[in-house]
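We begin with a single chain expressed as C-alpha cells, specifically the form predicted on its own.
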Amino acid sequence: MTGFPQFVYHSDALYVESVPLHQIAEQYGTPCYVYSRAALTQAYRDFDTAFAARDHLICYAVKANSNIAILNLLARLGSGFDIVSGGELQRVIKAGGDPRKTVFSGVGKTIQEMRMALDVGILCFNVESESELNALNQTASEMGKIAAVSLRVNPDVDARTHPYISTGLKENKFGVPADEAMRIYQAAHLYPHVRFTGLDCHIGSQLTELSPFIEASGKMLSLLDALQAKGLTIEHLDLGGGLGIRYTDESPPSIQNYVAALCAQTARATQRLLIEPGRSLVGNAGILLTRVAYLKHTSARNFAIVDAAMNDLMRPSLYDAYHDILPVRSNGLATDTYQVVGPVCETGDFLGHDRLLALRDGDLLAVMSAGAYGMSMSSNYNTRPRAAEVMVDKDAVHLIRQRETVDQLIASERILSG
C-alpha cells in the first residue's frame, strides 16, 4: 500500500489507476509528471458534496497547477477559479473556464491585468490595498465599467505553517487590517466605479489544523456583522483556501470535516460561501516520475543521482519540503540510505534526504504528492527543458504537455549584430 488511493502496487509494480508507471516512463521518458483523473475528480466532488446544503462556489487556485487540461476537467465539474495573474486568466479562458466564476487575487495586479479582467467580466477582484483600489476604480472609470470587489482582510491569525506560505499575519504583505477594511467599505462613495460585493481572507497554505480556519472565519463574521450594522450589503464571504494534504505523517482535516467546520462557524451568515482550494484538489493527484542516472557511494553518504532536479520540483529546495519517494518496481536488492539528488549544480538540488531504498542504476522512482506546486513552479535553470505531463484516465494515458526542447528555450534569444 502507498497511502495514495490511485497509486497502488500490483505484483511489485507501482500503478496509477490501471496503468503501470514504468510503461509511462518507457513511452514518454523521464522526468515526467503523471496525474490521476480519478483522484482529481474525487477531490473536487468531495468538496462539492460536503457543501451541498450551502450556497457555495469552489474556486480552484490556479497557481497550484495551471495545466489547461486540469483546468478544463475542473471547469467541466463546475468549478470556478482563483487567479493571481493575467496569464492565469488567459489559461482559464483557454481551458473553457467561466470568467463569471473567477476571482482575481494577488497584491500586485497591473493595470493591463485589471483591464483584461474587467473586459471579460470576472466575478470579483480580491483587492489587497487601498492603492490597488484607487487604481482599479480609475481603470474601471476609463473603461466605463463597474468593478466588483472584495477586500482581502488580514485577520492576523497564525496559520502555524511554513513562514514562506503563511499569509494571514499582520507582518505579511497580504490583505488589509480589519479596522482599515471597515473604513474603506464605509467610504464606498469615493469609488464610483467599484461595487463592494464580498469579504475575503486567506491565511496560508498547507494548514493541518482546523483551529486557524475557525479563528479567521470568526473574525470575518465579526467584521461582516459590523458592516451590515452600517447598512452595507455583502453578497459573498470568501474564506480562502489552504487546507493541507498528507505528504508523510501529517494528519490534516478531511475535506468533509473542513467544510463542516466552515459551514458550522458561518451558519448564521446568509451569504454565499466561496473557498479557494488548490493543493487539496491536485496535490495527491500527481507524482513526479524520475529515473536513477547514477549511484554514488562515498565514505560520508550514498547518493542516488536522478534525472529530475530542483528545476523540476522546487519545493524540497525552497521549503525543505518532504515528499515520499517510492520505487516504481521492486528489484529484490537490500535497502540502503540514500540522498536523492538531481544533476543541477547546486548543493541545494535534492528531492529527498536519508531515504531507505533498494536501488540500482536505471531504476525508476515516483516522487509522491507532486501534483501541486510541482510543474507550476518549475523552471529552465541550467537550460533544462521542463518535463512532460500526462493524465491517466483508467487504462488510457493522455499527453497533456509535451516535453520542452532546448531549441524552444533559445528560440526568442538574439545574438548581437556587429
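Note that residue numbering follows the sequence shown and begins at 1. Predicted, not measured: the structure shown is a model, and the values here were computed from it.
The same protein also has a form predicted in complex with a small molecule, omitted here; what follows describes it.
Colleague: What is the one choice in 355, 386, 56, 63 with a heavy atom within 4.5 Å of the small molecule in the model of the complex?
Modeller: Exactly one residue meets the criterion: 63.
Colleague: Quick one: from 327, 155, 278, 252, grab the residue that has a heavy atom within 4.5 Å of the small molecule in the model of the complex.
Modeller: Exactly one listed residue reaches within 4.5 Å, namely 278.
Colleague: Check for me: heavy atom within 4.5 Å of the small molecule in the model of the complex, for each of 33, 67 and 286, yes or no.
Modeller: Checked in the model of the complex: no contact with the small molecule for any of the three.
Colleague: Just to confirm, residue 243 within 4.5 Å of the small molecule in the model of the complex by heavy atoms?
Modeller: So residue 243 counts as contacting the small molecule.
Colleague: Closest heavy atom of residue 88 to the small molecule in the model of the complex, within 4.5 Å or not?
Modeller: Looking in the model of the complex, residue contacts with the small molecule do not include residue 88, since no heavy atom lies within 4.5 Å.
Colleague: Would you classify residue 319 as touching the small molecule in the model of the complex, given a 4.5 Å non-hydrogen atom cut-off?
Modeller: Yes, residue 319 sits close enough to the small molecule in the model of the complex that at least one of its heavy atoms falls within 4.5 Å.
Colleague: Are any of the heavy atoms in residue 315 no more than 4.5 Å from a heavy atom of the small molecule in the model of the complex?
Modeller: Yes - in the model of the complex, heavy atoms of residue 315 and the small molecule come within 4.5 Å of each other.
Colleague: For the chain shown here without its partner, which stretch in 278-286, 333-341, 116-124, 181-189 has non-hydrogen atoms within 4.5 angstroms of the small molecule in the model of the complex?
Modeller: In short, 278-286.
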